[in-house]
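A lone chain, given as structure tokens: the form predicted on its own.
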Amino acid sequence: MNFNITTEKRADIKADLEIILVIDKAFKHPFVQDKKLLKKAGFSGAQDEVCHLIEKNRLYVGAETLKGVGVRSALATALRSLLGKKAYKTIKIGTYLSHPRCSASLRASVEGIVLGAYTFNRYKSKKTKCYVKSVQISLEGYNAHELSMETAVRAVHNGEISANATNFTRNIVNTTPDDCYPEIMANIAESLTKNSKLKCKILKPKALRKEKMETLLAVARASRHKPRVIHLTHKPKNPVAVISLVGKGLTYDSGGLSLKPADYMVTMKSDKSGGAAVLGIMKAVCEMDLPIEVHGFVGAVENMIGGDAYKPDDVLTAKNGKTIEIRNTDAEGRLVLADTLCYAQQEVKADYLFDFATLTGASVVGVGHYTSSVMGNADEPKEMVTKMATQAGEFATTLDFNRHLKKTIKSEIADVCNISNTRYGGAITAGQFLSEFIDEDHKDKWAHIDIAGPAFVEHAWAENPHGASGAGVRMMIRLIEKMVRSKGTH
């Protein structure tokens, strides 16, 4: 899909279809040319409500606000309504700005269009796709706010990169476990280095044993697919800061010997969402060529059953020397992250450390399907995540650690237990387990992001389709961009 920004009026642009946003049900706005027909069709202008006037070649969609959260969702819904329709190869749209000289809504418009055009057809014999090839964006605005061509171009460019990285992540997550296992994730990471400045290092089992990553190896050992740890690096000259990202890449999770019920095993291809998000973020950071050093680490593992599976009652030793009593083999993601976090901190002394994981069902119970839970020892990194999530159109909220819940992961025979002795507060106790593997240098620089809720939902919502959403990608890209701007270099 090609985007073109023009100073031409919308009426002078030739296209197969014009998309018009009805903002906060403002039918009197000059952009809305078909008030009588819309009324006759019963169109109210509610958020994401669509009315396609075929004879006029105009598609109207409602948005509650000019802010990105309304515009992005509305345009994604509009594009989804065009899937499979061959007649519409070119579309045109005006510019919707919420504030003077602020390009955030324009960027959200582009993100919405790219995200809404997404389809995952790999396993369909009959493919449905978006036929839109060209999008003409007129700088003729919905209101009097003006935007320079330079600012508009940058907003469109970054919005396109951010959305494409999200779709790239969605593809990885949606791919079945038989087609995406640790070796394949490593291959995907290596493919990102082609024609780019990214560097990639892959640790295979021999190297993992040398690094004493025994908890990760234990989770992996019953699978025929051998584990990998991926390290991608974006290292520009004179970086303004250093960030490490760590992702849980469970390409499939059966629960191990603590076997999941059958219906809970469905969609467990999504347990690699954290690792896939890290790959997507690294792709975008490189394409934007941001002047910040970013390291992406992924622990890619498959958790299966077999005669060699690790067992409840085992005691494992993590890379940092801490011993872990295993009481449930389905609490495996935190074991993979424990070693991967230790390795990341060994390799890079970062200004900030963020991990992404579909870690707990308790997070979904606590905050719902659409929200990520953010935890950590210090307020600053947590607040950075939640603030940038809002700007990116994602939902994230903090869950506070407390000393009373930490007592519930105490073990009588090892340093720590891999599950709590209570059924309550499971998202927090999982985060507190991970805190055992954060060293003193990174203690107050780390935030854990549990994306179990929004990473994979079996219905369309806002700009997200059925299945993988690419949760975490856009929020972290915004966070990194914000860090660059705060240093005054971009």
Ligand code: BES
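Note that the structure is predicted; figures quoted are calculated from it, not measured. Numbering starts at 1 and follows the sequence shown.
Here the subject shifts to the form predicted together with the ligand, a form of this protein not shown in this document.
Engineer: Give a yes/no on whether L359 approaches the ligand to within 4.5 Å in the model of the complex, heavy atoms considered.
Structural biologist: Yes, L359 lies within 4.5 Å of the ligand in the model of the complex.
Engineer: Against the ligand in the model of the complex, would M268 count as a contact residue? Criterion: heavy atoms within 4.5 Å.
Structural biologist: Contact with the ligand, yes.
Engineer: I'd like to check something about E332: if you look in the model of the complex, is any of its heavy atoms closer than or equal to 4.5 Å to a heavy atom of the ligand?
Structural biologist: E332 belongs to the contact set for the ligand.
Engineer: Answer with yes or no whether A318 is in contact with the ligand in the model of the complex, where contact means some heavy atom within 4.5 Å.
Structural biologist: No, A318 sits far enough from the ligand in the model of the complex that none of its heavy atoms falls within 4.5 Å.
Engineer: Thinking of K248, K260 and I419 as one candidate spot, does the ligand come within 4.5 Å of a heavy atom in every one of them in the model of the complex?
Structural biologist: The answer is yes: all three residues contact the partner (heavy atom, 4.5 Å cut-off).
Engineer: Can you work out which of D253, E394, D355, D339 has a heavy atom no more than 4.5 Å from the ligand in the model of the complex?
Structural biologist: None of the others qualify; the residue that does is D253.
Engineer: Give me the residue from T128, Q346, N143, N328 that has a heavy atom within 4.5 Å of the ligand in the model of the complex.
Structural biologist: Of the listed residues, the single hit is N328.
Engineer: Tell me which of 88-96, 129-137, 260-268, 202-210 has residues with heavy atoms within 4.5 angstroms of the ligand in the model of the complex?
Structural biologist: Stretch 260-268 is the one.
Engineer: Can you name the residues of 430-456 that have a heavy atom within 4.5 Å of the ligand in the model of the complex?
Structural biologist: The one in contact is A452.
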